[in-house]
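Take a look at this single chain in structure tokens; it is the form predicted alone.
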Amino acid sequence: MPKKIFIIGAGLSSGSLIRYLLDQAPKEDWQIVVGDMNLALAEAKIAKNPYGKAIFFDVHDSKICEEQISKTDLVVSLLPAFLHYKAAATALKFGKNFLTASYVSPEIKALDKEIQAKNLLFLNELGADPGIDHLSAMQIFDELKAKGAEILSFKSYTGGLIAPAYDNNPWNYKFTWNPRNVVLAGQGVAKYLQDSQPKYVPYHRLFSSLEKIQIDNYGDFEGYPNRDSLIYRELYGIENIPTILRGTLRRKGFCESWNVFVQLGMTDDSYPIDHSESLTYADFLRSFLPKSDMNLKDQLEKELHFSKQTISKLDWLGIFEPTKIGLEKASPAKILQHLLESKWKLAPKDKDLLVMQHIVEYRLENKNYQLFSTMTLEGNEQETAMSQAVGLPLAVGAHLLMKNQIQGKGVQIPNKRAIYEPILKKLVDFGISFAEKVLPMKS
């Protein structure tokens, strides 16, 4: 009987993962089962491959969930992050290893002792960011430590963007992953460390707390802090580092314009707008502004002091137009997402760009250096760069785990050499690699 790998979710990030595992299936004697609530979508990803099988799958249906997971050998979850726990708990119940690209949730972390007791591995954060960022950063740290270097600062930025040849709107941005996640990104408090002092950036200041980043061959970007960077001091084995920051990249000028929505409260997803279906986008915007006799553009510029460039970007989106929204009982975030999806959608021939850069300052033999380690990946005819960068680390991890070439148990992230080294080596075959340059600094 062939061994079975069960992939839950056939969405945007699944293509490269499924294709890789189907390619390996004949040699390894595997069956690749893809489950999704949209059966047609799962069938399209299998593409009638004899080593694949598409099924209807609803993680909320306990009977279906237990039936499918009980007869597989490995579970790979591409569900939205808040749905992983149900699949993970079922995998634990039936003694199955579990992989996901999402951050470790408190609920899954709480299963650690039971997972270890069953000698299982639940490997999380094995995608792009989180994922490739961990793999590549740990390789840098381990190599520097082996040389006897003292690591002084670590900053890491990742951005899912549009490739320059297809960058044809004033925002310099299109959706390359879940639009809802983009609209809600950054909510909460970002935490990082600067010169041994903890820094806390609340959501309303996030998009004005920027650092300029330059990427060879791609130009200027801006980065803002992402989530909780402080926890990675221990996870990366750099507990005494004075500066650590993990952040998100956007093209220069994006954050100033996005900050309009944040400051006005238009990214809030916690309540519905009354009679939203009958409002126009101009009505929607006006409802967040003080009463004024000015037109909307003048009010934003003269009363709220947003720049003409930002107002031009908002105008391009159509938010000043008397166009009906048409969504019932929609939250501000959902209304904004609905508008953006019509304007930031990837065209059929568009190619995206994934950029990741680590900036590491270190001291070696009484001299200070700055290391730039940069990965850029553009989408191809088959898959977006985002799909490749999320799916391929999971695929390679699944392959290694099925062949017992990854050791470990419990809830883990890929921060150990035995995990990151073989995965990074294989990713090079798919054009996912880092270019490094080292510059001397003043001591």
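Please read all numbers here as calculations on a predicted model, not as lab measurements. The first residue of the sequence shown is number 1, and the count goes up from there.
As for the form predicted in complex with another copy of the chain, it is not shown, yet the points below apply to it.
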| query | finding |
| --- | --- |
| Partner proximity in the model of the complex: L83 to another copy of the chain, non-hydrogen atom cutoff 4.5 Å | no |
| Partner contact for D216 in the model of the complex: another copy of the chain, 4.5 angstroms, heavy atom | no |
| Residue contact check: V262 to another copy of the chain in the model of the complex, 4.5 Å heavy atom | yes |
| Exercise: F288 in contact with another copy of the chain in the model of the complex, heavy atom 4.5 Å | yes |
| One residue of L314, L161, I273, A333 in contact with another copy of the chain, assessed in the model of the complex (non-hydrogen atom, 4.5 angstroms) | I273 |
| Heavy atom within 4.5 Å of another copy of the chain in the model of the complex - the one residue of E328, E234, E365, D195 that qualifies | D195 |
| Contact segment among 368-376, 280-288, 113-121, 97-105, judged by heavy atoms lying within 4.5 Å of another copy of the chain in the model of the complex | 280-288 |
| Residues within 4.5 Å of another copy of the chain in the model of the complex, restricted to 185-213 and counted by heavy atom | V189, K191, Q194, D195, Q197, P198, K199, Y200, P202, H204, R205 |
